[in-house]
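Coming up, as structure tokens: structure 1 and structure 2, two forms of one and the same protein chain.
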Structure 1
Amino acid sequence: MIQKIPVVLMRGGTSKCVMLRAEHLPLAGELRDRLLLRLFGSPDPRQIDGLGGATSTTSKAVIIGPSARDDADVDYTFAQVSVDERRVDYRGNCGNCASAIGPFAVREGLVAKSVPLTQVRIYNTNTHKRIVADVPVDAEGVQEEGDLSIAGVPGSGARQVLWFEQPTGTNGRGLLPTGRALDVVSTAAGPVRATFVDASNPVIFAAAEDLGLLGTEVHPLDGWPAKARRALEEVRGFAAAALGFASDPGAAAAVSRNIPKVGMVLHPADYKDIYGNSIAADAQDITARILSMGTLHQAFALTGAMALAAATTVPGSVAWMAAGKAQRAALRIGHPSGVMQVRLRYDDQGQLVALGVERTARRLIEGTALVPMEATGW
């Protein structure tokens, strides 16, 4: 027999997200995970028998429902569905998918429409943090057409602003989980300077030059030196152990390939993006790359961008040194697809209280997914 599940496929920022109402799914647990794996066609490198797109940025599920909280309209759970493993990872949030939540909630009637902007208060259950999205709306409904272009997405769309409030300490250990602005990690490439921050998601950033890399790479990881690839996973393993996610650094991949994330930073540098466009050093405040599920992100994970922005506020961090050691209201990040900007909001004491981004989102298809029941046991 076939189980029919209402789905909406959306692009949120630079990710594709399968949007699911919580009421249409089993409760959280093994049964739900089996259903998601079958829905996406995992494990299979091509995800040929499911909705997945065979990359980490196109194998993402969003589970959404009304919130019982006074300070939120909807609850949002992010699920990273592994492409080639039988695993669904709920550690951490996806900021790009978060940009699909507001438009989805308005269209689904979960939030009352208000013209010209509808504010949607989102509670992310993965990180226990609140996101406030200002969604452009006209008399006909959610606006999708507009003049905002974001690096990594062809064309343009309607401007949506998201604020990630009180973003630090998603795992209860503050902005700096190790308590230090700078750590030196022993790796296959030698000692690597790194800064581990937890803002929107836990991310550890390494100094690109210590890895033996230029820091401006845009080609896939399999073209990178083996020592550098191994060193990046060793740096990520250090962070996983520091959070208590893994018993030791070497066990990180077996526990989660998604969280903590790992990236590298460099002072602003000239390079060519994946489209062959020249990106000038003076168009950036920092040059950075981030990995997603063990592969180079072709743009930049949104939560990773916010973690990087937060890291630039920490004196002595690798990001602070690469970006020029100055407190700023916005950070321009040079990544493989171009440049993106993160806004920083401070309180009267100069403490970081929110991180803001501009994104576009689009509803791609809506309909019914057909899932073989015998594959899930539902």
Structure 2
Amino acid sequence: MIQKIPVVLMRGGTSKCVMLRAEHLPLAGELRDRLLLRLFGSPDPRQIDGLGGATSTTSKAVIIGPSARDDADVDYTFAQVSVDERRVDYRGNCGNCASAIGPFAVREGLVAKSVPLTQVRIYNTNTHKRIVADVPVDAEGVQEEGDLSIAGVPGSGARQVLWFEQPTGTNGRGLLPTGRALDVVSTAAGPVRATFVDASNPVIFAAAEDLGLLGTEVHPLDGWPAKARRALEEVRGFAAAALGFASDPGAAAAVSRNIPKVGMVLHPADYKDIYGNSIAADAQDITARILSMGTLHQAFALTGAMALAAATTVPGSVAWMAAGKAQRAALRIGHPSGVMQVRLRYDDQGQLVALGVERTARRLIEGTALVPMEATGW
């Protein structure tokens, strides 16, 4: 029995996302997960018999429907479909696939079109947070072509701004889980000044100079001094323990290689990016690096960028010291592939209420997926 399911494959930021309408799928549960696995060709390291691209950034599904809420136009559920395990993971949102939702919603008529920007209010069911997308639209519909380049995607596309609302305190311990703007962590490299923030994701940022690093490194960790690498892991372990993720700092890796994240910061500095282009100090507000799954991120994790922007608003934090100003409207982060900008929005009391990032998205193919599966219980 072949099930026919309408799908759109989109690039959202630096991810590929299989876009699905909730009403075309079974309700959340085991049957829907089985369907997603079969649709993607999982488990199989090559995902050769499905739509998956055999990497974590190309094995993502997005489920969208009209929202039941007054303050949102669409409900959006993110599903990370495991490549080689029989598992669909609903922990956390994907900032990149989030950038495909607005254009998709406009195109599918889930929200009324407005030129030149259509605001789409997106409720993410994974994080129970709202994202507001300003989608560029012209007379012909969603605009895809434009001049915004983002690291990790060749060429350029139309600029879409995504506002992640109420981003702080994803672990219920507020913006500063240790209660302090600055901690000093004992490490193999000596005492390291660090700031642990939780905004969009929990991330601890260390002062690059305390690690014995330049802070402008762009090459993989292998070439870094062993002491600095160990110190970074110790700083991360400190944050994991503070969150209650690990019983002691040394056990962080056993719990998760990815959360909390660790990064380092420096005042804006000149350097050459991985393509050999010169990045000038005055094109940045801060120079920063972040690790992803134990290796140097070749650009900057989207959630990490938002956490860093939030950290610069905290006087006394290492990020504030490096960027030199609180209450900014935008933060330009110099990373190994170039410069990424995060926008900041405050309420009348000066409280940070939303973080904005710029992304591009593009429809790659629209059509019908064919999934060999019994319809039992559907």
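Counting starts at 1 and follows the sequence of structure 1. What you are looking at is a predicted structure, and each value in this text was computed from that prediction instead of being measured.
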Answer check: the form predicted on its own matches structure 1
Considering 41, 274, 294, 165, the entry that marks the hinge between rigid parts between the two structures is 165
When the larger rigid part is superposed on C-alpha atoms, the smaller part turns between the two structures by a whole-degree angle of 21
